[in-house]
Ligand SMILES: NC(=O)c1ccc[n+]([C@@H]2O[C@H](COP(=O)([O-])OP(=O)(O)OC[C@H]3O[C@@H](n4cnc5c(N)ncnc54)[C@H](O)[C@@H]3O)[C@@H](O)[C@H]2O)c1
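What follows is a single chain, given as structure tokens, in the form predicted on its own.
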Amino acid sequence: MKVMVLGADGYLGWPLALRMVAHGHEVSAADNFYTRKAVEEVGSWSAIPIPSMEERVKLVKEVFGADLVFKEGDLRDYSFISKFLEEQKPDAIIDFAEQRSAPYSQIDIDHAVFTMENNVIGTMNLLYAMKEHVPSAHLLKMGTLGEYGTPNVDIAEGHFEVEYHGRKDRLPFPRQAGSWYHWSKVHDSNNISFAVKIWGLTATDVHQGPVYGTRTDDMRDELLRTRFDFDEVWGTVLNRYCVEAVAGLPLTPYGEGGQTRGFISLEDSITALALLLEKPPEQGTMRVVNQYAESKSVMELAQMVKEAGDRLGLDVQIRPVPDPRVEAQRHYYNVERHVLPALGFYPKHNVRDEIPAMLTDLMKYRDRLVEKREAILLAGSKAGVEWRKTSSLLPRKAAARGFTQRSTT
């Protein structure tokens, strides 16, 4: 199978590209390296050093004996994605090429607009390019469980049966996104659904929970590791806790810490995504997949990191901070999963067992983490204030209006 990975330089994009290569597929890839630039500009870097894409491509050849075709480009440039699809003619396309941070999208008008433009327009360009050049290709789009919010009912897998005023129908499950980033993902889901309906495209829309972990089984060389972000803008909650523990900082759950989400390990995430690619839906249909392994509150995660850290001699403390988000401190949370179990996928990893391995991996980079410890709580730091005043990554200068959200997804 010919597979194209868009956003191949990212936390998920790189390991999925490796998995596809390891499974013997012909892989092409693209990225515009925006995340590298944005993380650097907020005063941070990947906890695990990552080489250039040129070096990565050479390593893939050395380790796997396979060629990885890479091009630098931006999905907002229709001519780029149109030409790349025309050249490669992929059977499957993985779209991870989006601005992926909820707190980044909430900084101010510039960051909110950029998030919408980058994510929604990029997806629209991809859909039109698919229609023009590869209408039979399978699109696997990375969404988020955050599209659903935290309703006080079970969350259906995409659609559910509803009865209202005596009439019944099957409708998309309501979206209650909690940030501009999450709303951009909702718009993506709607646009993909419409493209499938009017053009007969084939798509899998994956609603995935927060991912944690430092490695996958395909990272046979230290230099094949994926990036690992931990700052307040780009780091997910469990990954950030692990870095706080290693860097000698207190763990910082928000408010009461009862906010609950569905988590999945990096290895399990990549295994599930590869399975979805290798077992596509029926041609001309859209498949919605809820993907996570276990539900945990942010306080439960903090307690697990403390216990594991204490066993490793790290003397971990927990110090809750005021919750900067508008959200319920405690809530019902149950997400239905049917598609992946039907395909034979069952997670093999859990949070409690993976945390010690994550801490052990990160302890090798302790000096690197301590050097950037200010970035972990960027919103209140001098570096964060200066970045918001001078950010040069956006079309317009961002005003210093402050963060209104921090990310668990």
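Predicted model only: the values in this text are computed from it and were never measured. The first residue of the sequence shown is number 1, and the count goes up from there.
From this point on, the text means the form predicted together with the named molecule, which you will not see here.
Distance criterion of 4.5 Å from any heavy atom to the named molecule in the predicted complex singles out 73 from the list 158, 280, 73, 320. Contact with the named molecule in the predicted complex, judged by any heavy atom within 4.5 Å, is made by just one of 209, 253, 90, 213: 209. Taking the partner from elsewhere, residue 97 is found to have a heavy atom lying within 4.5 Å of the named molecule in the predicted complex.
Residue contact check for residue 148: none of its heavy atoms lie within 4.5 Å of the named molecule in the predicted complex. Proximity of residue 46 to the named molecule in the predicted complex: non-hydrogen atoms within 4.5 Å are absent; the residue sits far from the partner. Shown alone here, residue 350 lies farther than 4.5 Å from the named molecule in the predicted complex, counting heavy atoms only. Annotated contact segment (heavy atom within 4.5 Å of the named molecule in the predicted complex): 24-32, selected among 352-360, 24-32, 339-347, 57-65. Taken together, the three residues 10, 143 and 181 all come within 4.5 Å of the named molecule in the predicted complex, as judged by their closest heavy atom.
Residue 236 is the only member of 234-261 with a non-hydrogen atom no more than 4.5 angstroms from the named molecule in the predicted complex.
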